[in-house]
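We begin with a single chain expressed as structure tokens, specifically the form predicted on its own.
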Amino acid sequence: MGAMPAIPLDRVALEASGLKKSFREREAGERHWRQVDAVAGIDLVVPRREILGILGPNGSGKSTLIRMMATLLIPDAGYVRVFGLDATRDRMAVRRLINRVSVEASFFKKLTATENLAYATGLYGVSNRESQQEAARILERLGLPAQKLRVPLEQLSRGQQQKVAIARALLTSPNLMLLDEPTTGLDPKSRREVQEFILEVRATHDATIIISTHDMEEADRICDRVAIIDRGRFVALDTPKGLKSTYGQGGDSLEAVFFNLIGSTLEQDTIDA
């Protein structure tokens, strides 16, 4: 994996060391439970303002890793530190510095986008007027018409709901954004709008962004570095250019590099990790 020079502590956004998480599962017809190592020993340092991509097949540990970073899961071993705070011991303080957007973003579906956003930002002490003005600006930038803000979430498309989820995350001005497959299921135009917005957020909000994705072109386009994860471990970590130089053959794409590294395990389907 590509080496990275030492980073001063005040420039580190996130640090993970010896991170492990296991689950027990039992397939249909089996009598005994078995242990599955979703994350099997990950070390990682993410400098401030980096966009780090995490690529891996289904069941590779991407979402489990993101959930531990987001304080939603407690590691079995190791630790995560966010801006120097321990994600387990200082969970509430860490949550004030981060926000997460997932592929299964949850809302009060009977309420409008405006009502959902007002509720979410109220929990962070953001004034309703301020949040509504900023929400309208963000959603317009993402290509969601203003009139959609007054429509119940259940009447919006999945792509439109995902844009509301991204706006909700930004309204709390997080220092660290954790994006768990945020563009999955979006049409090409919406996907590009979200990608452009991610780059804009990094530039204008001094934010650090970690994004898990299946979209190789997306990772190549917006990420400063990419970690490829398989069976709960990083098998490569470098810039997109570095990965293609080290593991590719000539003009190979990032997708080709991915298949070169772990193509044989793409059908692995253990747990929803």
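So that there is no doubt, residue numbering starts at 1 and follows the sequence shown. Because the structure is predicted, anything quoted here is derived from the model rather than measured.
This protein has a second form, the form predicted in complex with a small molecule, left out of what is shown; the following refers to that one.
- 38 is the sole member of 227, 38, 211, 243 with a non-hydrogen atom within 4.5 Å of the small molecule in the predicted bound form.
- With the small molecule omitted here, the record of contacts in the predicted bound form names 55-63 of 200-208, 219-227, 55-63, 41-49, defined by a heavy atom within 4.5 Å.
- The small molecule is not shown here, and in the predicted bound form it never comes within 4.5 Å of any heavy atom of residue 255.
- At a distance threshold of 4.5 angstroms between non-hydrogen atoms, residue 24 is in contact with the small molecule in the predicted bound form.
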